[in-house]
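Only one chain is given next, in structure tokens, and it is the form predicted alone.
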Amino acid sequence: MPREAEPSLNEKAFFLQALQDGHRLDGRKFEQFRQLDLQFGDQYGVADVTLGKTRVLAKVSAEVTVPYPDRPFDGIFTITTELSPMASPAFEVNRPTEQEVLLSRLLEKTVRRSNALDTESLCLIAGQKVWSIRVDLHVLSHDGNLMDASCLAVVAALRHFRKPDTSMEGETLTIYTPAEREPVPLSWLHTPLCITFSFYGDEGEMTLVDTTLLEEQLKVSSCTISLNKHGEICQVAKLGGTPVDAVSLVQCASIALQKVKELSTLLDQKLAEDSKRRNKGGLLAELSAENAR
């Protein structure tokens, strides 16, 4: 299996010395994110997140299907990740790496198990027909911190998505096209986002957020905290590496809350801008255009 090129001993020594002197190689502060850009596509449910040189695209789709027998009143929600060789030479087609599996699991825990999406609202006919919501996540460029960028892309795409409106008459289910009825947004309960911390030094005493690929390769440990802007923690994932004391984790949690509030504000602002762009001229302009035709 191909692997990323390992940093040389000189690079490692230089990087660690710079950290001890209070500097990062790209000039950022220890708790500073790279330049973040969030764009929505022409279709509903497409979100493109660029974080430095890391770029992730999320696309949401919906179809009517049969529910699971043990959950007849719940819709189906799945996240599919694709890490292609285009993003990094270390990824292979149809051969999931450990990183890809961890990414899928952490996203699943953050969005699905925290009940951010109300799956009961996706039920159409109990035990017979439900909406199946699927998020396809494509990593276009990998330069570190895939977790945070992917989580933001998935949440943004889900909040941006609109599913076709439906109605029930007796036993007959009618699904309307966008031309017949305005599509409706998903029932969204809260907005969980991920913040990943990387630890450096013999005892993990130095902490960085939003690491580049080089910084990720030299970390001794990492921790991902998922929470919403109200401070409700959805999960804390620390997968091996050097042990970190409780005080450091509490400090990380407070930094994560501050960063999540900033990301939530950005997301709300971008959604409002996109809604305004789509509704240019408002409903009256749309109706007058229909009459003109």
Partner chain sequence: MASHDPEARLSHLQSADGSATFSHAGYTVVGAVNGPIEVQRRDELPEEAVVDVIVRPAAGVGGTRERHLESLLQSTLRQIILINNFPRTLIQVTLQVTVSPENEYVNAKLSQAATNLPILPTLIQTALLALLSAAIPLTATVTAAVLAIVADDGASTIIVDPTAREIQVSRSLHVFAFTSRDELLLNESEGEFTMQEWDNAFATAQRQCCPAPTSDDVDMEGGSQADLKNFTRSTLETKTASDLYWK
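Here the structure is a predicted model, which is why all the values come from computation and not from measurement. Positions refer to the first chain, counted from 1.
The same protein also exists as the form predicted together with the partner chain; that form is not shown, yet it is the one meant from here on.
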| query | finding |
| --- | --- |
| Among 106-114, 191-199, 67-75, 135-143, the region lying within 4.5 Å of the partner chain in the predicted complex by heavy atom distance | 135-143 |
| Sole residue of 122, 223, 208, 83 within 4.5 Å of the partner chain in the predicted complex, by heavy atom | 83 |
| 61, 242, 235, 248 - the one with a heavy atom within 4.5 Å of the partner chain in the predicted complex | 61 |
| Contact test in the predicted complex: residue 184 vs the partner chain, heavy atoms, 4.5 Å | no |
| Contact test in the predicted complex: residue 175 vs the partner chain, heavy atoms, 4.5 Å | yes |
| Contact flag, residue 261 vs the partner chain in the predicted complex, heavy atom cut 4.5 Å | no |
| Contact label in the predicted complex: residue 256 to the partner chain, heavy atom within 4.5 Å | no |
| Interface residues of 85-121 toward the partner chain, as seen in the predicted complex [heavy atoms, 4.5 Å] | 85, 86, 87, 89, 92, 93, 95 |
